[in-house]
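Before any questions on binding or motion, here is one chain by itself as structure tokens, the form predicted on its own.
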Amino acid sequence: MIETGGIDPDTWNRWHVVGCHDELPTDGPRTTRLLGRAITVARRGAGADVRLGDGTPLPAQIAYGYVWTSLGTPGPLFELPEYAEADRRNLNGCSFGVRTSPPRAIENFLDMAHFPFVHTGILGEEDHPDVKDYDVAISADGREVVASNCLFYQPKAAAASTGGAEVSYRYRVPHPWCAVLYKDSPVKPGRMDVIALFIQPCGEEEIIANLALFILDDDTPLPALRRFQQQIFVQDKPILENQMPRRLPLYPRADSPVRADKASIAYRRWLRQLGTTYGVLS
């Protein structure tokens, strides 16, 4: 039995992403870290082999193009049915190491208020800074946070966009360190592109952020799709790394009653309900 080292049970027994399957080397295992422990991840055909640094095998599965493992006894992974839709392009947009805690990265992903100032000319512009009211709730079964009816003006919402538009957003947080964004497709009206942030918690203040794309754009070349997402994340990275404290405060007075923070407040409350202590200040 692996010693938990005081890590909370919910975090310990979750599936955690440890790499994009197609990007793993084929000539041997890759060494990385999960929850402060050294692990190796090796590609094995359509599957993967994951082990602790001492060789102890860990459970592994391939889901949504990524390798997932756990140090504990995991239940089912959350569902992402759009991945199986035949007309979507599924790819890893980028993977970046970031000196921050896992929940800080998720909270930033949920924050529309920073678009005009951090992603100026792309996801927002300073002439349209307001976040319109939206709906947010923890699901009835307690398994995820959902924010819906989100609208925001974006000069270039996607690589395939040809002009500015008010874009409809919906967010799911089905895992403490994974968030899924649904946004209007610029090429297939009435349908939504899906962008997911899958966080590998290397340590309490060290992550690898994987930005997964499940999109309906058939025409934009792959390098251009990746450049677009990388440009956005490069803008976010210094913001995340300079945010102090690096661990996310969960104590009640940390909740700020501002309309734009509704998703963040619900996310923090959800983490408290789960009993999360990893990467947070409580």
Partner chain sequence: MITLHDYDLSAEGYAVRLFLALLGQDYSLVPVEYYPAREHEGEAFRALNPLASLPVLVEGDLVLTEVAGILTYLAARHGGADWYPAGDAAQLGRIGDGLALAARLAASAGAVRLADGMMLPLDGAAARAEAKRLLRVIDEHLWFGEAAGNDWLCPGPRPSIADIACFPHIVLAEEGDIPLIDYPAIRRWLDRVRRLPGFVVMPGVFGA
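Here the structure is a predicted model, which is why all the values come from computation and not from measurement. Numbering follows the first chain given and starts at 1.
Beyond what is shown, the protein has a form predicted in complex with its partner chain; the following relates to that form.
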In contact with its partner chain in the predicted complex (heavy atoms, 4.5 Å), from 72-80, 142-150, 89-97, 189-197, is stretch 89-97
Though only this chain appears here, would Glu241 touch its partner chain in the predicted complex if you measure heavy atom gaps against 4.5 Å? yes
With the partner left out here, check for me: in the predicted complex, does some heavy atom of Arg247 sit within 4.5 Å of its partner chain? no
Contact with its partner chain in the predicted complex for Arg51, defined as at least one heavy atom pair within 4.5 Å: yes or no? no
4.5 Å heavy atom contact, Ala105 to its partner chain in the predicted complex: no
Do all of His21, Leu24 and Gly55 end up near its partner chain in the predicted complex, with near meaning a heavy atom within 4.5 Å? no
Contact with its partner chain in the predicted complex, heavy atom within 4.5 Å, among Leu110, Val180, Ile208, Leu211 goes to Ile208
The one residue among Gln61, Thr40, Gln230, Thr220 placing a heavy atom within 4.5 Å of its partner chain in the predicted complex is Gln230
